[in-house]
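The chain below stands alone and is given in structure tokens; this is the form predicted on its own.
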């Protein structure tokens, strides 16, 4: 049974708070935890008193795990989740090919873990509680009144309605965001004419921890099916239904059991494999976003800001990266270390990231659900070639799996001072590598870190911590660095600048640029 968190009657009607977050899902909780660990007081409002129902976002990518590691919960997630790096693609009964998403060693985290969203949220709630976040359950926002200097919220509770003032409001209240609706903000994008059924199934089966995707399998002719293993012997199965399917009829337990039973026989699993249904839902693909994520002192994150189809695991992972991008910037503004204009770069960086996810998701959707005869013929040709020819396999699009956004066009980047060998450019997320007896990312400072390969400037400017690394190690290889190079890492562990030769003044200029001080 999911936990139910205690409701506390409000004791501060009319009070003004520096940060209020609306939405206690994984994105809102992540933002709250990040800000609290930076020393910011946070109030989080959620209309329910428990975690998500059903598995929902289950595939948590390596970059998300690295973010959660910085927030102190990475190992807990790794211990609870199901680790996987391998995916397999089938057409009919034939396996076309397999792929490895993390083929090289020397990383703390795997390419992905599978973990039901409710487990992640339980871990986040406990971490937020320990960090001092003011968690307010059964607190539904019914009105939003934005002003130039903040926002007034009207909140409905079991004890009646009251108001709070927020200097800054973070709207992480999901796809049906009450904040977005109250502000009458439309989405830009489209809804696809197809439906998919999700079934969470509990069973004990000798099945590998891999991602299996079928095009037109014999147990579900004419559609596609995706299978993932999750924690606690729960399996996630997605069935393509078609646009004309009746969502309510498809969710009927007897109909879902028949679909699952047809799938779980030979050759996948032994005949009569026993299973139980845990959760069922029907969804429609949506690929769209708000035109802007910042609206004065209200900032939108996660599904409240953008929506993508679930194939590719880009929705939840993208929302986690939203929180990662925003928290350090808002902290810097509130501490007087940066002007409010720094928050404009949340749009400048996260809107291109959302567009990248939307484009990848749209292309996956078009391949999985061809819209005309030409698209069907193209897919059939690609699938036929992929069984025997390596060049065709990258064209098989069963969901381009989540990759971290690289902010290569960000105004916060300092351009290279000279040509670099292949490596990670400014804007890219920092790469992990073994570092002493631990991992490089664990050694990065909460503010700015300079990775120093070999000889170093005599001093570092205020707010920058030096981390010395060998010029012949794995980290140097991944960053394309040589002896004497210096790479500046931002508080969210993205690369801000890199130099072959620099001095403390040059490093400080790049740090100031990251804070919009120049």
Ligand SMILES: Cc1cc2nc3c(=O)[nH]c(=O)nc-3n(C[C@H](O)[C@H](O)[C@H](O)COP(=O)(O)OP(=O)(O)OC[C@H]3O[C@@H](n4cnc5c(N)ncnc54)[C@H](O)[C@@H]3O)c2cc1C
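Predicted model only: the values in this text are computed from it and were never measured. Numbering follows the first chain given and starts at 1.
What comes next is about the form predicted together with the ligand, which does not appear here.
The ligand is not shown here, but in the model of the complex it comes within 4.5 Å of a heavy atom of residue 310. In the model of the complex, no heavy atom of residue 324 sits within 4.5 Å of the ligand.
Shown alone here, residue 57 lies within 4.5 Å of the ligand in the model of the complex, counting heavy atoms only. Taking the partner from elsewhere, residue 88 is found to have every heavy atom lying beyond 4.5 Å of the ligand in the model of the complex. Considering the ligand in the model of the complex, the lone stretch of 482 to 490, 469 to 477, 31 to 39, 44 to 52 in range is 44 to 52 [heavy atom distance within 4.5 Å].
The putative spot formed by 26, 121 and 174 is fully lined by the ligand in the model of the complex; each residue has a non-hydrogen atom within 4.5 angstroms of it. Residue in contact with the ligand in the model of the complex (any heavy atom within 4.5 Å), chosen from 141, 353, 334, 360: 141.
The contact residue chosen from 164, 78, 198, 343 relative to the ligand in the model of the complex is 198, the criterion being a non-hydrogen atom within 4.5 angstroms.
Along 468 to 494, not one residue places a heavy atom within 4.5 Å of the ligand in the model of the complex.
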